[in-house]
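First, one chain by itself: the form predicted on its own, in structure tokens.
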């Protein structure tokens, strides 16, 4: 009885609610920091992060996986979720951006010093599959580069590919371990590489990656989810993305 009266007098603490965020693998570093920042000022909300390739997350959502917010490295995988009626097109917004670069394993630093060198005989390249956002962006970049370097260059590059990964983090790992001489990743991921050399892609050949996100239609906590997404779009959230090498959404 005393505990009940005390609760009535002092008031009960607001119940903690958990938001499940499904986010592209390349977002891991900024999102972990944003999670700590957001939870520190929103004590009644806990964020549960699930990181994987955007195409993997989209497939999970199509199969009915629960979640509140989907953050994809491109629009195509968001559209897959919209088609499955798990998200409304009107709720989709771009929230960050990125560009591509080449990372080169320490042991291959003298062999690969430019985009053109990807076609050299014996160079082992790690890329992502074409349905993975970084893979789709890479193909767009290759299409631009072919105009300058020629179709034969691209044929040689394709013949040098030793692996197609399911997310960009796996490419970084393979190159860092020396299992590939080089790989094409986002500029933000290149910052996480500890031993690899980074080679920029010329501006006229590069591709701007745009990240899209939105609240899932069947989220049981739409308002909390929208509040968190608004935080990502705000000054604090964007500052964290910038810190890790991401670009503004627009």
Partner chain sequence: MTRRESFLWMLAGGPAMLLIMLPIAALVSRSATSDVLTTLQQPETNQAIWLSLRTTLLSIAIVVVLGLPLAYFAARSGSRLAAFFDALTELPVVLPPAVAGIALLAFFGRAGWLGESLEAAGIQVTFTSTAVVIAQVFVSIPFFLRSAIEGIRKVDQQGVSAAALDGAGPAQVAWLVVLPQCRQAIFAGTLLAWARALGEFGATLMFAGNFVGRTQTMPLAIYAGFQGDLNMAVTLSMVLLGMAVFILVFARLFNHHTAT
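Bear in mind that the values here come from a model prediction, so they are computed numbers and not experimental data. Positions refer to the first chain, counted from 1.
Not on display, but discussed next: the form predicted together with its partner chain.
Screening 93, 139, 166, 146 for any heavy atom within 4.5 Å of its partner chain in the predicted complex leaves a single hit, 166. Interface residue among 60, 45, 50, 217, judged by heavy atoms within 4.5 Å of its partner chain in the predicted complex: 60. Residues 75, 79 and 245 are none of them found to lie within 4.5 Å of its partner chain in the predicted complex, as judged by heavy atom distances. In the predicted complex, its partner chain sits beyond 4.5 Å of every heavy atom of residue 152. Shown alone here, residue 109 lies farther than 4.5 Å from its partner chain in the predicted complex, counting heavy atoms only. By the criterion of a heavy atom within 4.5 Å, residue 156 is excluded from the residues contacting its partner chain in the predicted complex. Although the partner is absent here, residue 56 sits close enough that one of its heavy atoms falls within 4.5 Å of its partner chain in the predicted complex. The partner is not drawn, yet in the predicted complex one stretch among 96-104, 170-178, 81-89, 113-121 has residues with heavy atoms inside 4.5 Å of its partner chain: 170-178.
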